[in-house]
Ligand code: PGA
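Have a look below at one chain only, the form predicted alone, in structure tokens format.
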């Protein structure tokens, strides 16, 4: 077979997404260019690699074998890149970092401080949801991830590096805004604006109240903390968010943190990688930087007292 690394890269993208269009978007190619690469690869293989059933495309038996090889080649190329970066040293490396949407409120501050220490380094930052973060780790598409605690059943190395308190927020005009030591049972009469089911905040919230026998009424679901804050500010309900997301709203007096028994919910931010993954020097340096004392002083969360 006469094939190219580019053909394998394009083929692997189509196989992962099950879509020529999404593969083209990922690789910044036109859809005809993706189709041409796949056609050339199929001609080299002498067998069809995809079959179309209705509107969906699926791997053929030959396609599944080629996909396994493409993944293996991708891993080897990544290891080669890491070896070359190691020879260059920390000062010229490129860090691939992915973070949960909530962590974006402070991730850029951490990267800026790290860049000042290692001015020759470059970064790619992806801000996305919990499911995508786990998929990226599984597919070796990122060096490190900043997120809440990942599922224990996955083979991941998760190291806590910073507190992540969850607090209940309300508009200043809310009836509970000026009360102290609000009982949890009082919240059963309130409507909450909550994150989507798969988010770490939603999981922590539901576990906390279920353990205490308190049932909450969820009126709306939002896919971002910004949307929750805007909804709460508009009077659509109470919200539960990370304290790290509230600096501007508290300073402007647009939101308040309620004094509720048992709050804040104490969680942590984790720096996550696959078990056994050999970090490039720049990623190892960033890991060590977050584990040091300096990084802790960069993030000053809002008061939860």
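Just so it is clear, the model here is predicted, and its values are computed rather than measured. Positions refer to the first chain, counted from 1.
Another form, the form predicted together with 2-phosphoglycolic acid (PGA), is not on view; read the next lines as being about it.
S.K.: Pick from 246-254, 262-270, 65-73, 23-31: which stretch has non-hydrogen atoms within 4.5 Å of 2-phosphoglycolic acid (PGA) in the predicted bound form?
M.R.: Heavy-atom contact with the partner occurs in 262-270.
S.K.: Let me know the one among 194, 167, 100, 97 whose heavy atoms come within 4.5 Å of 2-phosphoglycolic acid (PGA) in the predicted bound form, would you?
M.R.: It is 100 that has a heavy atom within 4.5 Å of the partner.
S.K.: Please tell me whether any heavy atom belonging to residue 200 falls inside 4.5 Å of a heavy atom of 2-phosphoglycolic acid (PGA), as the geometry stands in the predicted bound form.
M.R.: Residue-level check for residue 200: yes, a contact with 2-phosphoglycolic acid (PGA).
S.K.: Do residue 93 and 2-phosphoglycolic acid (PGA) come within 4.5 Å of each other in the predicted bound form, heavy atoms counted?
M.R.: Outside the cut-off, so no.
S.K.: Enumerate the residues of 111-134 that have a non-hydrogen atom within 4.5 Å of 2-phosphoglycolic acid (PGA) in the predicted bound form, in sequence order, or give none.
M.R.: Just 130.
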